[in-house]
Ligand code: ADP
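Below sits a lone chain in structure tokens, taken as the form predicted on its own.
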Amino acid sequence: MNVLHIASEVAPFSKTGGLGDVLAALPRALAQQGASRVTVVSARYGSIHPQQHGLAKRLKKLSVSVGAQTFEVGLYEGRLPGPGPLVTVYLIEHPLFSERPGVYGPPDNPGEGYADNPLRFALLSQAAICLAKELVPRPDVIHAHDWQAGLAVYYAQQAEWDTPPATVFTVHNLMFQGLFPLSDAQGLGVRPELLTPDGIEFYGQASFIKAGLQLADRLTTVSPRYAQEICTPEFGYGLDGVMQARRGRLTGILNGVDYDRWSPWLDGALPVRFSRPPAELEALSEDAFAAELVGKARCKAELQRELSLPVRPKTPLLVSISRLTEQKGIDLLIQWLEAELHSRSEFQFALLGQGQPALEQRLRMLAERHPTRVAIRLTFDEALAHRMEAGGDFFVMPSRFEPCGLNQIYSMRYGTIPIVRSVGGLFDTVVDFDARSRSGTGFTFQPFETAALGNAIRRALAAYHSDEPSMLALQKRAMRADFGWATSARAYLNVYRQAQSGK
């Protein structure tokens, strides 16, 4: 099977969040699971330096029509790094991408998207379809990701093919819908009959994500639970009716994790590596397993030093790595911290991330008031993220909603126990701790309330301080949990076959 992915991000070339990670790992997993050819098409943004990534520029340009406009676009060709079969990456070259410093908006204000984003991502989508028609062999399946590639499904259906490819569209986060004036869509070549509520119109605007949802042969999203949730008014962001109508074509497939990058015995970003592959942990006695975690204790001490926190081996260290938005529940976490830091509860807290200025300011104030207990790094630092996953005792992720989430999965592999709200992919990946049955891989709560979050954290801290055998068993279960990409890739291959057969 020949599969072509279209997405606005693909790591390590471009990444603002989980989408880039998925496009770095899923195509390789598909190739490893038997797909005959896998290709990724994205854009060459200004931050991507071709020589640094070993990209070669093709001499022949593509002529791409978007509505009444015609663009001459270049192509850079490379490959996804990593082991396994070859996965080719094509990056579309045009000033709309290469002369911009950010992916979606200015780096100093990424939430403020560029005004011409409709044209930029329509161009990416149409260029990808033009490229697909030139490839030999042509793709059997075109797999588009999130709103930025929503029009790719439409353009694929409008193109002339000897044998039309099947189309699959994945929703990574339904909150981001690609909403623009209807006049923008008209200028991008969208047929007038589609600019209606039964097409891609959404409350007087054009919705790029709705194009993918309405037109693709099959739909997926990034966890089974989230597939259920987006069919409800609470999580559907006004598109729950569309999701319900297409529910029979929707499959929830949990995102996998690239354990070649996120395993403590392989991780070059750590001051010391520790542990061993999960299959080797099962037979270890309690003492032998505890010995495996000596390196984790050293990672904790080094992280405390790096963050200018007192080195206190017995003080539980809570960490969070997140975009600072209300979706991630950061406001709830701050409320809990503001109250709890005045109590006698013993813990330290460290956060890495950036986002809404008001949330950043509240976190700065907490760090200033409690410098021995709170460390805040308002930036994006991939290496520090690895060290925090390894050095923390608990990972806090109180999301309002969470399509999949990856950090809670990373945390488990490093023996850092997740404390999460049980929604979306967090529900699918973290099992609540039960000391009596010696089961669970983390601590969960459900109501989006400060008291519920606080109760989950208190349960975690109580287990940490008073029940070392149960905590060690909990860490072993968490570290043995397997969320690799192989299972997910096989599920995607099955969806591709369904799309091809019309089921």
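Numbers for residues come from their place in the sequence shown, where the first is 1. From a predicted model like this one, the values you see are computed outputs, not experimental measurements.
In what follows, reference is made to the form predicted in complex with ligand ADP, a form of this protein that is not presented.
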Looking at Tyr76, Phe180, Phe202, Trp262, which is the one with a non-hydrogen atom within 4.5 Å of ligand ADP in the predicted bound form?
Trp262
Though ligand ADP is not shown, can you say which of Leu307, Leu406, Leu250, Leu131 has a heavy atom within 4.5 Å of it in the predicted bound form?
Leu406
Considering non-hydrogen atoms and a 4.5 Å limit, does ligand ADP approach Thr220 in the predicted bound form?
no
Under a 4.5 Å heavy atom criterion, is Asp381 part of the interface with ligand ADP in the predicted bound form?
yes
Could you confirm whether Arg323 comes within 4.5 Å of ligand ADP in the predicted bound form, counting heavy atoms only?
yes
Should Pro118 be counted as a contact of ligand ADP in the predicted bound form, where contact means heavy atoms within 4.5 Å?
no
Work out which of the listed stretches, 293-301, 97-105, 352-360, 149-157, brings a heavy atom within 4.5 angstroms of ligand ADP in the predicted bound form.
352-360
